[in-house]
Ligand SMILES: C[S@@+](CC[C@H](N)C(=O)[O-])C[C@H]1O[C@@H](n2cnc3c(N)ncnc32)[C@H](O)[C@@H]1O
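A lone chain, given as structure tokens: the form predicted on its own.
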């Protein structure tokens, strides 16, 4: 049985034959779960949850939802083919299940693997030491060599105040020299997670809205106070350190398999009957290119 929050996407309005075919095929297998609240099936339930609060990802669903489904049905293997930041695979693995997440956006894989690293392997002392060293470099180093300048794409040029540009370059230089890949991944995640709030931009779907202080033509929005990169990074690193004990208690020993790629191709390579539960929220069929978002594409993620 497939449990859903609503059936609107499968109702036949008589306009398309394809919709009728889908309804006949899957309709008998759908059921509405009245326990699914807006908070449960949206990111609202994750806003203050250790680990998941690090990255603003409003397209996700809650940890509570995954726990509810896994505890109710007790699967052996869980799949999320549109994994986002990895809520389903991470929580399922923490419950002792084999779990896989497939995600096409690099930022989702970075966030998921960062939480896995904090729960397994990296100690709070190691992270604290690396975080303090990173902040020291960002605060006190005069400037980074040109090769560590932020790797802009056309749409991001001028996105940051000059001070933030300088501090990001120094952070990139420091992270490139961190030898431990798990620690490096966590520091990279911390930097990525605060880029938007330190910029003249705000993500709006697949577009960027611009603050008037950017100097861009037609940019008239006022985002109010824009914090320095150092200040935002310091707060995020402290928050991450605070969450280590909870992550280790919830997900320690649980290592989900997180695969970067399109589920259209990855699923074809998997053996049949490998999973007995799928927990997912598919992308909307709205012609949105999930690989082209400026906040989740190569320009904002090339820290190395």
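Keep in mind the model is a prediction, meaning the values are calculated, not measured. Residue numbers count along the first chain shown, from 1.
Omitted from view is the form predicted together with the named molecule, to which the following refers.
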One stretch from 257-265, 31-39, 231-239, 244-252 that, in the model of the complex, holds residues within 4.5 Å of the named molecule by heavy atom: 257-265
Among the candidates 98, 148, 82, 223, the residue which, in the model of the complex, approaches the named molecule to within 4.5 Å (heavy atoms): 82
Proximity to the named molecule in the model of the complex, single hit among 102, 144, 159, 130 (heavy atom within 4.5 Å): 102
Contact of residue 87 with the named molecule in the model of the complex (heavy atom, 4.5 Å): yes
Heavy atom of residue 54 within 4.5 Å of the named molecule in the model of the complex: no
Contact of residue 20 with the named molecule in the model of the complex (heavy atom, 4.5 Å): no
Partner proximity in the model of the complex: residue 60 to the named molecule, non-hydrogen atom cutoff 4.5 Å: yes
Contacts with the named molecule in the model of the complex, stretch 151-178 (heavy atom within 4.5 Å): none
